[in-house]
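Just one chain is shown here, as structure tokens, and it is the form predicted on its own.
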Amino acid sequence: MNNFSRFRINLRKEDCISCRSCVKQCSFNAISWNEETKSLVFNHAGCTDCQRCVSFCPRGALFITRNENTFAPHSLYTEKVLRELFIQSETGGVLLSSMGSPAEKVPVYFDHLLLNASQVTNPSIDPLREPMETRTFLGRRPAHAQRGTDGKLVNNLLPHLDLQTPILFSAMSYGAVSLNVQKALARAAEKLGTYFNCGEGGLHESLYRYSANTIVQVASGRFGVHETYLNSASAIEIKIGQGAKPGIGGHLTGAKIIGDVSATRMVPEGVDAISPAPHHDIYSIEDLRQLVSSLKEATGYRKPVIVKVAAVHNIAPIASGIARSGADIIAIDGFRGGTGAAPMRIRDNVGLPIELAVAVVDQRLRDERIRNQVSIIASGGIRCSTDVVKALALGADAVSIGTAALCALGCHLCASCSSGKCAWGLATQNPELVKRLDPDQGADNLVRLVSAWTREIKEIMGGMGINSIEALKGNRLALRAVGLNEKELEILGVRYGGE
């Protein structure tokens, strides 16, 4: 089985100039140089198809293909199933993988939703000539406006987040990703007028200067949590769960707990950082309310509190309880949310797509007349600007992106994050690999990506005859579905195309 590789490294010998750039760039030891024969040697089993060697070959002599060798065909025991059986019989370990679930049998509901467009009776809006408002606010809203004795409006806004675009950067912890990744995210968030989430690994001291654009996280392991940390951000997120691994905790190997990672997380070097599955002080909504109140007390009631949960089958009543716990924002992470490492069986079989979760939560909160008490952030499978618009129309107030942001930084989805050998310097703490990402260049890439999405959102809203994000939120009348059954339409709250 060890000789059966997923990928093959191919070389056009007539184009190769033996510069050995590919050897230097391969962090998985899949390419080496034989000094005796003066030729490249390929270890196909080590190849992850990260495309680093292909990208840096000056003559385009290298290319990666899937291994053409296959197992005997079987309708039940497919090649994927057999490969996983062989791996577990050899290692005795849990199958781990990175990034989001590639489950092909679960529909991507975004791809079944179409947006309405304005025509004669409701003219479209030209975003080049008329103002389009992409600014949005996250947090609890006052029940009503108040005026003073002089008739002027009284600012009774509770603590909230002010976003220039309805797109945030998802939680990615220091240790799981390099410090350069977090620097790029922080700098981009500052330029864009949005926020990045430092994840459950604490906040490196060099990032405190970005506090106006930072969300800090309190997870079950409480890694890196202290008073200064809580006050060095614009919002605090209590992480209950995440889309790639609902119901289980986190695990960062001791190999990544080195240097500043150790100091920031407040974990001894070389010791695995294991987050328990539950928060051991949260076993009810009442317990959650107490933690929310404690965090607000610790920060002088100046910061909104977010509660992050995975999209699961009873997400609607869970969200209803969270809204009543005193939390200001609910972050819902869908089935296709990415991660650095998760048990493959859980990643591919547990949870709900974000589209279904957002729709049922938004409707439940509306039915209970508490929708204005809490904002909703949707994440997990947001790939492009149209996904953003559709998520907002289904009921979200904003979205957060993780995998898309990593792709802007160079990620090629080789799903080998847990190895710590990321060829692009993202999911690694190896000093030589970390240097491969320039945080300034990475920030520029992120700014260009989100700016492009924001321009597209304006164009889409203009075509719909809508000139603000507020008019889009929960506007499911602007959506029509194709290729879905009646139950799916009912859950999404969307009419069929043509209705």
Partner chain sequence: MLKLDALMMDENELKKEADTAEDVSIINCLGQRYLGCARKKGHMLLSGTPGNGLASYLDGARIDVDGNVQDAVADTMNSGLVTIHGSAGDALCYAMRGGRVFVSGNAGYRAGVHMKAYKDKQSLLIIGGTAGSFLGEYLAGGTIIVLGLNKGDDSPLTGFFCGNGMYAGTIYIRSRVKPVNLSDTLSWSVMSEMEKQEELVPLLSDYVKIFSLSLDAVLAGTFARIRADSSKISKQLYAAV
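Just so you know, these numbers come straight off a predicted model, no measurement behind them. Residue numbers count along the first chain shown, from 1.
Note that the form predicted together with its partner chain isn't included here; everything after this is about it.
Taking non-hydrogen atoms only, Val94 approaches its partner chain to within 4.5 angstroms in the model of the complex. Taking the partner from elsewhere, Ser293 is found to have a heavy atom lying within 4.5 Å of its partner chain in the model of the complex. Residue contact with its partner chain in the model of the complex: Ala298 places a heavy atom within 4.5 Å of it. In the model of the complex, its partner chain sits within 4.5 Å of a heavy atom of Val267. Segments offered: 273 to 281, 159 to 167, 99 to 107, 67 to 75. Contacting its partner chain in the model of the complex at heavy atom distances within 4.5 Å is 273 to 281. Taking Pro304, Gly221, Gly241, Gly202 one by one, only a single residue has any non-hydrogen atom within 4.5 Å of its partner chain in the model of the complex, and it is Gly221. This chain lacks the partner; the member of Ile346, Ile285, Leu82, Leu230 within 4.5 angstroms of its partner chain in the model of the complex by a non-hydrogen atom is Leu230.
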